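Listed next as structure tokens is one chain, alone, in the form predicted on its own.
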């Protein structure tokens, strides 16, 4: 009998990959993941690249789940904006097991000693900024998962134009990696920052 393991690989560094996750990846028949995440797979292991081909990968999982142990690697923790939702929506609970990881959200808050049980969490991946002001108005703290378009400076510029200047912002980039960067700023300064926002960035917005 096979099983599907949805494994959170942490924020990026192998140092944050949990021992249980390593053990399951080592024993799996097949490892599925994005290019960066497949580096966690042992050499010689059968791998399937996950890069936009979500429907095809889901079909493979459904066909192979009964005779292969499949490790599906997702960044951060499976419960935070991940491919996990699509997998669990097509499988029975008995057919999969979720192995949690350390999310970039958790690590960002840990870096600055901030509690995150009262955060409003938003993903702007491939989304517009409609509704953002409403979220900020209703919450003391908002954590945003940015993307290549909705960068920290782009979001800050949008908020400045909406006259939301009384906010404190902290941008977190590539947490746990050698290129990790944390920028604490005000909205106007962040909006005018001229830099390339490469990698994964989060933006914490707090009311002053």
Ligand SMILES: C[S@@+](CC[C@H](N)C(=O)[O-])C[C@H]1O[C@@H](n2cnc3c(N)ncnc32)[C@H](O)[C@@H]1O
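Numbering follows the first chain given and starts at 1. Everything numeric here is computed off the predicted structure, so don't read it as measured data.
The following text describes the form predicted in complex with the ligand, which does not appear among the structures shown.
Partner contact region in the predicted bound form: 145 to 153, out of 145 to 153, 57 to 65, 25 to 33, 44 to 52, criterion any non-hydrogen atom within 4.5 Å of the ligand. The ligand is not shown here, and in the predicted bound form it never comes within 4.5 Å of any heavy atom of residue 157.
The ligand in the predicted bound form comes within 4.5 Å of no heavy atom belonging to residue 71. With a 4.5 Å cutoff on heavy atoms, residue 109 does not count as touching the ligand in the predicted bound form; it lies far away. In the predicted bound form, at least one heavy atom of residue 200 sits within 4.5 Å of a heavy atom of the ligand. Taking a 4.5 Å heavy atom cutoff to the ligand in the predicted bound form, the contacting residues in 68 to 103 are 75, 76, 77, 80, 81, 82, 103.
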